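Heads up, the chain below is alone and in the form predicted on its own; it's given as structure tokens.
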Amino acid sequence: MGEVKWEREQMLVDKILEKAPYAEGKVRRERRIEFSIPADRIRDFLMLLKENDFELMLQITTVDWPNDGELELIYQMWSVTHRTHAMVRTRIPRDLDKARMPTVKDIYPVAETYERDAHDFFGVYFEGNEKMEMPWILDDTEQGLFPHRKDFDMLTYVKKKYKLLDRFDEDKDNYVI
């Protein structure tokens, strides 16, 4: 029964993989497909998706995998033509000096915003995005604070930043952040 389900989605995956043999792809369910791409091919693949009627980038999501020493970037794409959502996954090293990706804002202009989010919260640097160094969401002048990484010490940060608030008294056993 599973082989005949979602035939339209499987044909779309097959069509794209034929042009991108470096990728892996599968159907997740009706109107949902997924690809895994080597990080150095992300630009090629997103250009291919755009040529195959994936008109919209919905978001770039970042997932921290500290035990693997990697960050995963998930490009959420939508095709109005095919009425299909595509998740495009890639992984990069977690080390700050290696957490780099090429920008894709020339392919999908909205990527500029999501790349800045990933930079502010996870420390991913998108080469070619000239707004990487501009202040964005976080207003801290202290560099190297990436609050969405799993090893970020939120309690120490909050106690340091908001030391005037009494609810962070050292004698309390539980803190409410």
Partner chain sequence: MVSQNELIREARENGMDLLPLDKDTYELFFGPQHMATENFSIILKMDGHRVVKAIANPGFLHRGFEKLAEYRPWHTNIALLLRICVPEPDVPEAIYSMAVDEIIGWEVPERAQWIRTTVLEMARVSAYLFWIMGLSFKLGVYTAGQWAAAYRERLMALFEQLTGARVYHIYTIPGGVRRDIPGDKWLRQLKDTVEYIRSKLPDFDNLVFENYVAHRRLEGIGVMDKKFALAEGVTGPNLRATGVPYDVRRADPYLLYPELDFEVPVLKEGDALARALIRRFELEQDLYILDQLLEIGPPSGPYKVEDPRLKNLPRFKVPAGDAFAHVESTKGDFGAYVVSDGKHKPYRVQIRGPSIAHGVRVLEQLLVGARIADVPVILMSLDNCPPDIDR
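As the structure is a prediction and not an experimental result, all values here were calculated from the model. Numbering follows the first chain given and starts at 1.
One more form of this protein exists, namely the form predicted together with the partner chain; it is left out here, but the text below deals with it.
- Contact check at 4.5 Å (heavy atoms) against the partner chain in the predicted complex: none of 18, 43 and 103 pass.
- Under a 4.5 angstroms non-hydrogen atom cutoff, the partner chain in the predicted complex has residue 108 among its neighbouring residues.
- Although the partner is absent here, residue 66 sits close enough that one of its heavy atoms falls within 4.5 Å of the partner chain in the predicted complex.
- At the 4.5 Å threshold, heavy atoms of residue 121 reach the partner chain in the predicted complex.
- By the criterion of a heavy atom within 4.5 Å, residue 136 is counted among the residues contacting the partner chain in the predicted complex.
- Residues of 38-68 placing a heavy atom within 4.5 Å of the partner chain in the predicted complex, in sequence order: 55, 56, 57, 58, 59, 60, 61, 62, 63, 64, 65, 66.
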